[in-house]
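Take a look at this single chain in structure tokens; it is the form predicted alone.
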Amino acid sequence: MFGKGLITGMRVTWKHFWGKKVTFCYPEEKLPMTERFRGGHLALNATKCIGCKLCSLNCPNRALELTVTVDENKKRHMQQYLHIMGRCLYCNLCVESCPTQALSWDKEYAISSWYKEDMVHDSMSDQTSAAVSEVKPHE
């Protein structure tokens, strides 16, 4: 039949014209992220973290820089937890390897930056750190 594609296309257009609007005004409205979203910053629950460094050992690009100190009772304490987002693959191996589930991804997806210094995130203080000079280059 001649025009069958045109009629089908007009039916789809008519249905979407009167249907629910799904667009967002981006800067004012944020798109809700799903539970399995991988991206943004690593959120560290410092009360659950035992300082085992399994997350940094499983990272293929060495995107995690940890500083752990041991006290006189041989208990480990996390001093610094840097997530270098420029190196990160967002592969989720660090989150999966954590034995205490102390790591998770936050739902922030607008993390772009003009400067390399802004791509280092200190998860202990939950603020972007300008500590790129302290980070060793990938060997």
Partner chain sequence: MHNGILLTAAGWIRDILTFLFGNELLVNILMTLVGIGAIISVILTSAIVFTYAERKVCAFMQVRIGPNRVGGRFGLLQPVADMLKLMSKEDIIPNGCDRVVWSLSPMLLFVPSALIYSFFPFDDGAILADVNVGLFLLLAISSQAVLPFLMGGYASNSKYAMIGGMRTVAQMLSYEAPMAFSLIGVVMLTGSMKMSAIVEAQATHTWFVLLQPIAFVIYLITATAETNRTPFDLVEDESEIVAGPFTEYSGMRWALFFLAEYANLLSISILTTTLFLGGWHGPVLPGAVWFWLKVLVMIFVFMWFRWTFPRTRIDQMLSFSWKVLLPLALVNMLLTGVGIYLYQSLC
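Positions refer to the first chain, counted from 1. The term rigid core refers to the maximal set of C-alpha atoms that superpose within 1.5 Å between the two forms. None of the values given here were measured: they were computed from a predicted structure.
Same protein, other form: the form predicted in complex with its partner chain, not shown, and the subject of what follows.
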- Query: Given that the partner is absent here, does Thr13 sit within 4.5 Å of its partner chain in the predicted complex, heavy atoms only?
  - Reply: yes
- Find out whether any non-hydrogen atom of Asp71 is located within 4.5 angstroms of its partner chain in the predicted complex, and reply yes or no. no
- Task: Please check if Tyr115 has a heavy atom lying within 4.5 Å of any heavy atom of its partner chain in the predicted complex.
- Result: no
- Message: Quick check on Pro32: any heavy atom within 4.5 Å of its partner chain in the predicted complex?
- Response: no
- Query: Of these, 24 to 32, 92 to 100, 78 to 86, 58 to 66, which stretch puts a heavy atom within 4.5 angstroms of its partner chain in the predicted complex?
  - Reply: 24 to 32
- With the core lined up, does the C-alpha of Lys116 move 2 Å or more between this form and the one not shown? no
